[in-house]
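In structure tokens, one chain follows: the form predicted on its own.
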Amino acid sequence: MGTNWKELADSAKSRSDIYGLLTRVFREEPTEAFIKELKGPRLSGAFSDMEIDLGEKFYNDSKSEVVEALVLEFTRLFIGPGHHISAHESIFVEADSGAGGLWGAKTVEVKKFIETTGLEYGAGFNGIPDHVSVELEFMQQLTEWESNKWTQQDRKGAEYCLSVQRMFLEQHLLCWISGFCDAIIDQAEMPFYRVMADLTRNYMEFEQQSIKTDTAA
């Protein structure tokens, strides 16, 4: 049988869309536009299919009320003041060695990895490269790149994209994302971020198994 280029491209695009959604969840406080999109038929239908329930207040309260509550939750969880969850790989991976801190060794590794691929940060980016949203967005760009290669029927290019994804997941994202999600699930007071953390953790476990399957093949 011949190669189903469209199926391969669509699969990579679906992965890219999921990474894009998770990027937006963890990048910054939610906006009314983002909440409207989450409540819209496309995503609400997908959540229903996956039996994901973001909480009664999320669906019943107005967008402005939902945003106000989630901004407070986001700030408490990820920004502070006071004890909060750092969304940076270097904090999670290097903490046990006593070297954990912003712009640690892992931050430098991630920065070099991203720059080596030739992909660029968005205009005006002034964040830290190993923030969870940057790592997720990097995967979103890699999977979109892969999708484009399948569309062009460029198998060699697509397989190269997959190899870069595999390396980044194994060397970085999979090394700490589970612990990050566990911390959110433990500390979140509202269903939204607990559910999103659980979705992220489950999806990354799926990605990890996919990598093993691809490697075995």
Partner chain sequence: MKKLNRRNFMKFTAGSGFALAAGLGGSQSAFAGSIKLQAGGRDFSPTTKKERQAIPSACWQCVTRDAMMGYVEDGRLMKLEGHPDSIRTLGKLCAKGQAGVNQVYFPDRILYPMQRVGKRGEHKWKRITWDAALDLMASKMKPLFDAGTPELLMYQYGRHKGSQSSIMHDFMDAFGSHTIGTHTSVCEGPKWVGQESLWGGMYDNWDYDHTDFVVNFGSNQFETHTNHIPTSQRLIRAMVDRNVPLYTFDVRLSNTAAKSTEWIPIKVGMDGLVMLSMVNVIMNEGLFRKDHLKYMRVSADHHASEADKIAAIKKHVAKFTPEYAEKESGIPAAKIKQVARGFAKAKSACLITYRGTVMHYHGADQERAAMLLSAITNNLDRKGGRVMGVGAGWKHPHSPKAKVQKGLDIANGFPGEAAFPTHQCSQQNLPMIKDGQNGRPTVYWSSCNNQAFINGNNKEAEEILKDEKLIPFFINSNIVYDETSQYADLLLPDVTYLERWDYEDMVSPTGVAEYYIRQPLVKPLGESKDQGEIFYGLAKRLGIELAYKTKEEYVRQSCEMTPGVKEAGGFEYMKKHGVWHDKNAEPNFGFYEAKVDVSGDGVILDKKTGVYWNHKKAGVSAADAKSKGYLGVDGAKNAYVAQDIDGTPRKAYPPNTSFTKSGLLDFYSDNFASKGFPAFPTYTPIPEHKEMGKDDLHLTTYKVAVHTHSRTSHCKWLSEIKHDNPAWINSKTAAERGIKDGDSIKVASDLGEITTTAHVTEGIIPGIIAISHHLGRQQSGIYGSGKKSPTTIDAAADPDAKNMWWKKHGTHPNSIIPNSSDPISGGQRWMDTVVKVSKA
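Positions refer to the first chain, counted from 1. Since we're looking at a predicted model, the values are computed, not measured.
Note that the form predicted together with its partner chain isn't included here; everything after this is about it.
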Worksheet item: Would its partner chain be touched by all three of 56, 181 and 187 in the predicted bound form, meaning a heavy atom each within 4.5 Å?
Response: no
Worksheet item: Using 4.5 Å between non-hydrogen atoms, is residue 61 touching its partner chain in the predicted bound form?
Response: no
Worksheet item: Using 4.5 Å between non-hydrogen atoms, is residue 114 touching its partner chain in the predicted bound form?
Response: yes
Fill in: Non-hydrogen atom contact residue 137 with its partner chain in the predicted bound form at 4.5 angstroms
yes
Practice prompt. Examine residue 147 and determine whether its closest non-hydrogen atom to its partner chain in the predicted bound form is within 4.5 angstroms.
Written response: no
Worksheet entry | Contact set, 43-70 vs its partner chain in the predicted bound form - heavy atom within 4.5 angstroms | 43, 46, 47, 49, 50, 51, 52
